[in-house]
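Here we start with a single chain on its own, the form predicted alone, put down as C-alpha cells.
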Amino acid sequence: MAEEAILGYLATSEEIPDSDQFASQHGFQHNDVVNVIKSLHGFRYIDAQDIKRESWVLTDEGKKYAADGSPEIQLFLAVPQEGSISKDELQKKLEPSVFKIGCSQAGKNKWVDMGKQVSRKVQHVEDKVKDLLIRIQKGEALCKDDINSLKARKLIVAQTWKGYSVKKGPNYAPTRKKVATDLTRENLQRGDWKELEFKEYNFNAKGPPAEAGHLHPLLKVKQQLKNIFLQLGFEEMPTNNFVESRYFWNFDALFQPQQHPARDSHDTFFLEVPSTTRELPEEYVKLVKRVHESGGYGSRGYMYDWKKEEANKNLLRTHTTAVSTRMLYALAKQPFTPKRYFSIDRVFRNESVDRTHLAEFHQIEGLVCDKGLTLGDLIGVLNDFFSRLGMSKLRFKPAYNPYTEPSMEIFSYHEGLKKWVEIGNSGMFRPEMLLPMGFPEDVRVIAWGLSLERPTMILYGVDNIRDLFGHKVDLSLMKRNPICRLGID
C-alpha cells in the first residue's frame, strides 16, 4: 500500500518533500514508508535525500517534574506560609531526591531560609522549570539559556529525527516491475527465461558475518604462558591422563607421608573402578618405602610403617607435580642431561566451591633439572619468568612443602590493589625424592607453580571463578573478550 501511494503520488507531483508528513497524510506508519523508500531507492525507481531534524524531548525525570512540579517548588510548598519547619520534618514530606535537589535550588533562588529550621523568604513563586518543560512537550521553541539550564539538570535530551525527501529516479515507473531472482528449471522448460528480467547482483553487498569458534579466556592466557615457557627454552610435559598419577606418583614418590592431611578424602577424589593399580616399578617402590620408613641420604625419614596397598590407590591427580615425578623418574634412568620442563593442565581437589575455589582448576608448573643449582638460581629464574608476565616486583617468603626444601611462597606487588599478593609457590626438590630415582648426588631440581584461573580473572576483570569456568559460564563471554597480552610489549 505504501509503495503504491509513493509511486502514484510521484506520477502527478515532482517531489515528496517530507516522508513524515506524507505518512501522516496517507495513514501510514513512518517506519513502513521509510522501508519502502529504501527499497525503491535501491532499484532506482526513486531518488531519496536524507532529512534530519533535531528536537528536545523530556527525560523520565523531566516528565515527572512536568506533571508534579519541580523539586524546588515542591519543597517551597511543603514549607508553612507562616513560621518554620525542622529540616527533619521537611525531609519526611518529600522523596529523598526531591528533597536534596529542592534544598539546593530553592536556596539558590533565595526562596527559603535553610538552617535547622526552614522558613519561607517570599510568599509567592512561579514554577518556571515546569512551565518550560510543558512548552517543550508542546513542541514550542525555547531560548538558548533556557535550553542550557534544563540540559544541565538532565531534564531534556536532544533527539534527532531522520526522514527523506523523494523524487523520481532514472528507472521510475508507476508500478514496480517484478524481477526474477533465480533461473529455475521451470523457466528453462517453458522457455520464458528469454523474457525474464533478472535482479542485478550487488557484488558490494556484505553477507551475514560467518559464525566461528571462539577461544575461552583460559585458553588465551594458557597460550600466552606457554609461549613464555617456550621462549625460555622449556619443554612441555604430557599431562593428558587425569588419573595417571596413582596414589604413589601423586604423593609417595614426592616424599609426602601417608598420614599427611592432603591425602584425606575431604581433599582428594578417589576412584572406585579401578580402585588400585599394579603398574608400579618394584625396585623404585622399595627405595621409596625405605626412605619413608627409615630415611637415608642424610634424612631420618618419617619413621612409620609404609603400606604399599595405600600407595596402589587410584585418584584424580591433585597437582601436576605428579606428572613432574614421572618425568624426573624417566629422566633419571638415562645418561644425565639437563632439562627444563613445564605443564599447564587440570587438577582436582575436593574443595568447597565459592567465589575463588572450584573442585577442578588448572595448575601451571615449571621445573629446571641441572647440576649444582642453588636457591639463587631459583630466585633468578622466577624473576625472569614473572617479569615476562608483567610482574617485576617480587618478594619471597619461607614456606613448608613435604617435597621441597627450602620452599618459598612468591608474592608480587599489585598496582591496582596497592598491596603484595601471593601468586605462587616454589622450592628445591628434596634429596629424599630425587636420589631414590637414581639421580647423581649433585643434581638439583628447582620448581614453582601457580594457578591459571586467578591471573585470568585479574586480566579479564572476573570476580567470581564460577563465571569463568564451569557449567554456569555465559558463552558470550568467549565472544566478547579479546586475546590477552601478558607483560611487556
Ligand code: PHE
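None of these values were measured; they are calculated from a predicted model. One-based numbering along the sequence shown.
Form predicted in complex with the named molecule: not shown, discussed below.
- Proximity to the named molecule in the model of the complex, taken as a non-hydrogen atom within 4.5 angstroms, holds for one residue of 325, 401, 239, 224, which is 401.
- Site annotation in the model of the complex: the residue of 388, 362, 349, 120 reaching within 4.5 Å of the named molecule with a heavy atom is 349.
- Heavy atoms within 4.5 Å of the named molecule in the model of the complex belong, among the stretches 455-463, 53-61, 35-43, 441-449, to residues of 441-449.
- Contact annotation: residue 70 falls outside 4.5 Å of the named molecule in the model of the complex, judged by heavy atom distances.
- When contacts are judged by a 4.5 Å heavy atom cut-off, residue 319 counts as touching the named molecule in the model of the complex.
- Residue contact check for residue 431: none of its heavy atoms lie within 4.5 Å of the named molecule in the model of the complex.
- Under a 4.5 angstroms non-hydrogen atom cutoff, the named molecule in the model of the complex has residue 425 among its neighbouring residues.
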